[in-house]
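A single chain comes next, written as structure tokens; it is the form predicted on its own.
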């Protein structure tokens, strides 16, 4: 049994993976594409909260919201001026892949490639006897619970959320009832990008910040989606939880082979259940 601190670290990592994966699946459910720039929006969210708190003196919670709003706007611009102007899922995928390098290059020019560190916002440790957890990691976990609860409420108890679910399940029937899929796709793109940015912002005090920090979270979020089942919001959450704990525990025991073992387990899961844990079986 790994130490409790490793499990806490796994839970913390799970929070970022599930938030990223949830946003990606939400976009996929309406637009039918995977937004490959999700990791770079995560990175930009971290930079926004870094500079807003250190240079502008904005409180950290407001900085998180600011990161979400700014990247929601960027996501909508990407949708309107790139995704909507390119035909074909393959070409859209190539365009968003190209944006990875464009955004990382722009960030390197603006911020340099050096690591930056945001001071711990909530210093101190909560000692529960058998386990001690830092207040900063507690904030990450609580923030993720709040975001996931808010998304559940929006999707199940608001007109916009019900429209999103209707379009995701029956797009043609939804359009016949007067639901604007174009306007809804912009809203969903904004929400998905905001989730990625806020995930980067909330994690900024815990890890170094540089233009390339979004690559690993992006890959892990994609793997979480594959494990959970492409198109399943519940699967994105469960996949993120599984992946975070697996990554942390495997790295604790065999750090030098952790990624090899992790990917091997994922392949094994997909061999047993190719559609993922919550994906529909192919007919």
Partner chain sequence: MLELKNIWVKYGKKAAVRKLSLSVNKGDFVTILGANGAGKTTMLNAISGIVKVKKNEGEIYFKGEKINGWKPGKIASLGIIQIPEGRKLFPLLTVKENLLIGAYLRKDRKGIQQSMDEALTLFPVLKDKLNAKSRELSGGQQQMLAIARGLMAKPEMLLLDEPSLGLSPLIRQQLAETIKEIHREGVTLVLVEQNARLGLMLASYGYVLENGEMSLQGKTSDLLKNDDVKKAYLGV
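Residue numbers count along the first chain shown, from 1. Keep in mind that what you see is a predicted model, and the values were worked out from it rather than measured.
This protein has a second form, the form predicted in complex with the partner chain, left out of what is shown; the following refers to that one.
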Residue contact check: residue 101 to the partner chain in the predicted complex, 4.5 Å heavy atom: no
Exercise: residue 81 in contact with the partner chain in the predicted complex, heavy atom 4.5 Å: no
Proximity of residue 178 to the partner chain in the predicted complex, heavy atoms at 4.5 Å: yes
Contact of residue 127 with the partner chain in the predicted complex (heavy atom, 4.5 Å): no
Heavy atom within 4.5 Å of the partner chain in the predicted complex - residue from 166, 186, 209, 206: 166
In the predicted complex, the one of 132, 142, 173, 86 near the partner chain [non-hydrogen atom within 4.5 angstroms]: 173
Per-stretch contact check against the partner chain in the predicted complex, the hit in 101-109, 115-123, 188-196, 157-165 (non-hydrogen atom, 4.5 angstroms): 157-165
